[in-house]
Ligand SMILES: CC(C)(COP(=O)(O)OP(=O)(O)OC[C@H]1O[C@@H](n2cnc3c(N)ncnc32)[C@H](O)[C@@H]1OP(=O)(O)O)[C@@H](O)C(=O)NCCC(=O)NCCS
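Next up: just one chain, as structure tokens, the form predicted on its own.
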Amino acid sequence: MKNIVIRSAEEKDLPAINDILNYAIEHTNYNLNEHTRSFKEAQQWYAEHMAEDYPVIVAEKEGIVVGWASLSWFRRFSGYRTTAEVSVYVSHQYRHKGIGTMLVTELERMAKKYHILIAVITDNNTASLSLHSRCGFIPMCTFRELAYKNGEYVSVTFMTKKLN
């Protein structure tokens, strides 16, 4: 897609980041939270990412944030310090236009200190499964009916990519 700029997120981007996330929480089973994230929680999430040197990036089109991605701790045990979890969200109006690929590609470029990237994807999110597959992630395991949201059980697939 033309005119997309990928850049590090700034605190001023938090309302748009949070709106995109909350849309996914409210309208899909892709994010398994059942309650939207408050702006205060978004500020805390962002501050933790900055303090712990986990990147948060945005895709911007003509000054509007249309997607975002981040790396986060996979689990908070020291043995997992070389693994980072990937999160990618694109505004519903801009999906299927290559923005997710641009975001994942930039995250990988920024992830030099990690050995493994992991994506945790609900099986009904076929777009994300395809995106990560195109970006070289390999399905490692699927947990059948691991979660429950919106009146249905949801299976979750873990996909990983070895970086170094």
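The first residue of the sequence shown is number 1, and the count goes up from there. Predicted, not measured: the structure shown is a model, and the values here were computed from it.
This next part talks about the form predicted in complex with the named molecule, which is not shown.
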### Task
Run the contact test on 55, 83 and 114 with a 4.5 Å heavy atom cut-off to the named molecule in the predicted complex and return yes or no.
no
### Message
Tell me which stretch of 34 to 42, 125 to 133, 106 to 114, 56 to 64 has a heavy atom within 4.5 angstroms of the named molecule in the predicted complex.
### Response
125 to 133
### Query
Hey, in the predicted complex, is residue 49 touching the named molecule, heavy atoms inside 4.5 Å?
no
### Interface membership of residue 27, the named molecule in the predicted complex, 4.5 Å heavy atom rule
no
### Message
residue 138 versus the named molecule, in the predicted complex: is there a non-hydrogen atom within 4.5 Å?
### Response
no
### Query
Contact between residue 88 and the named molecule in the predicted complex at 4.5 Å, heavy atoms?
yes
### Query
Can you tell me which residues in 95 to 130 come within 4.5 angstroms of the named molecule in the predicted complex, by heavy atoms?
95, 96, 97, 98, 99, 100, 101, 120, 121, 125, 126, 127, 128, 130
